[in-house]
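Take a look at this single chain in C-alpha cells; it is the form predicted alone.
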Amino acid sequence: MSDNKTIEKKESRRTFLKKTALASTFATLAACGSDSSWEEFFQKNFKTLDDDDKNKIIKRLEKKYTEKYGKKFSVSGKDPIDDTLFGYGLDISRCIGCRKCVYACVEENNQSRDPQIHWITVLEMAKDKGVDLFHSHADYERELVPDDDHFYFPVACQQCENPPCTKVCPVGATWKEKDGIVVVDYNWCIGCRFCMAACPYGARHFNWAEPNVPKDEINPETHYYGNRPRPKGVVEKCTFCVQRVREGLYPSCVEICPVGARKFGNLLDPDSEIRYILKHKRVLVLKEELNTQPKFYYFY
C-alpha cells in the first residue's frame, strides 16, 4: 500500500511540474501580446512545411513587420534556382580596405546598429608576412586606404560545401540549401551557439539583445532565411544576400565595391565569371586543411 502511495506521489509531482512549466510558457507567450507569438512558438521547421503553411507564415510575418516598422514589408520564401550553385570570388590584390562592403551589408541585411553586428570583417595584413591571420588586424583606423605596407583580407561566411556548423545543431535549425547557401531558420533556432563554436571562420553572430535597427533605415525587401528582422537569442550569418541572388541580383557587397574586387556567379555555369576565375587565376581558400570546402575563393 505504501509503495502505491509513493508511486502516486511521484506521478503527481511529475504531473505538477509539467503543468507548471507549460503554464509558465503560456504566460510568457501571453505577455508577448499577440496571437502570432503562439503560432511562432508552435511553428514547425520551415523547410518541413508545405507551400500553404509556408505562405501563411510569410503573410503573418509581413503583417507583423509592417505594423512594427511602419513600412510595407515583403518576406520572400523563394526556393533555390535550378541548376545553380553559388560561388564567390575576392581579388585580394584589388581590395583597398575601404569597408564599404561592410556597411552595405549592414544596410541590406538589417543588421543591428546597437549593439553592432557585422557579417563581414576586413582584416589588415602586412605585405611582408603574407596571409597571416595571427598577425592581422580588424580594428585599423586610417584616413586613407590602402596603406602601402599592407593588404586587405575580408572574411565572411565561406558557404562551405562541407559545413561543420550544420552538423552540430541539435535541432536542425541550420542547413545547406541546394544552391549552396547555408541558412538559418530563426524561428527554429534555440540559441545554443554550438554552430558558432563549430565554425572555424568566426562567421556566425549571436543576438544577445533584440537587433536595433532604426525604423527609417529598415530594409523591407526580405527573405525568410535572410535579412528579415531577427529576434533576440538567435544566431545569424551571411547568406550571400539570398533575398537578392535568388532574384537574379548580385549580393550588396559585390555591387558596392568601388574597385571591382568582388565577384559572384554560378559555379555550374562553365561560362560564368566565377568559373573563369577558378580556371585562370591563382586561387586559395581559407583554412583548406579543414576540408570545409569553401565556395568563397580568394584570388590574385
Partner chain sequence: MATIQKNIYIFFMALIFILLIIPNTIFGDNEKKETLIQVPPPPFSEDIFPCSECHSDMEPNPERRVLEEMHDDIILKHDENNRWCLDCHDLKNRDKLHLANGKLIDFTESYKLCGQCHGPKLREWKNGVHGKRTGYWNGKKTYLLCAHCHNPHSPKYKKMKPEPAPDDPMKGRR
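All of these numbers come straight from a predicted model, not from anything done at the bench. Numbering follows the first chain given and starts at 1.
From this point on, the text means the form predicted together with the partner chain, which you will not see here.
J.: Just to confirm, Phe86 within 4.5 Å of the partner chain in the model of the complex by heavy atoms?
T.: Output for Phe86 is yes: heavy atoms within 4.5 Å of the partner chain.
J.: I'd like to check something about Tyr297: if you look in the model of the complex, is any of its heavy atoms closer than or equal to 4.5 Å to a heavy atom of the partner chain?
T.: Close contact is absent here: in the model of the complex, Tyr297 is far from the partner chain, nothing within 4.5 Å, heavy atoms only.
J.: I'd like to know whether Glu39 contacts the partner chain in the model of the complex, with contact meaning heavy atoms within 4.5 angstroms.
T.: So Glu39 does not count as contacting the partner chain.
J.: At 4.5 Å between heavy atoms, is Ile81 in contact with the partner chain in the model of the complex?
T.: Contact check for Ile81: yes, within 4.5 Å of the partner chain in the model of the complex.
J.: Using a 4.5 Å heavy atom cut-off, which residue among Lys100, Lys176, Lys129, Lys71 comes into contact with the partner chain in the model of the complex?
T.: Selected residue: Lys100.
J.: Could you check which residue among Ile96, Leu133, Ile190, Ala198 gets a heavy atom within 4.5 Å of the partner chain in the model of the complex?
T.: By the 4.5 Å heavy-atom cutoff, the listed residue in contact is Ile96.
J.: Using a 4.5 Å heavy atom cut-off, indicate which stretch of 49-57, 63-71, 231-239, 249-257 touches the partner chain in the model of the complex.
T.: That would be stretch 249-257.
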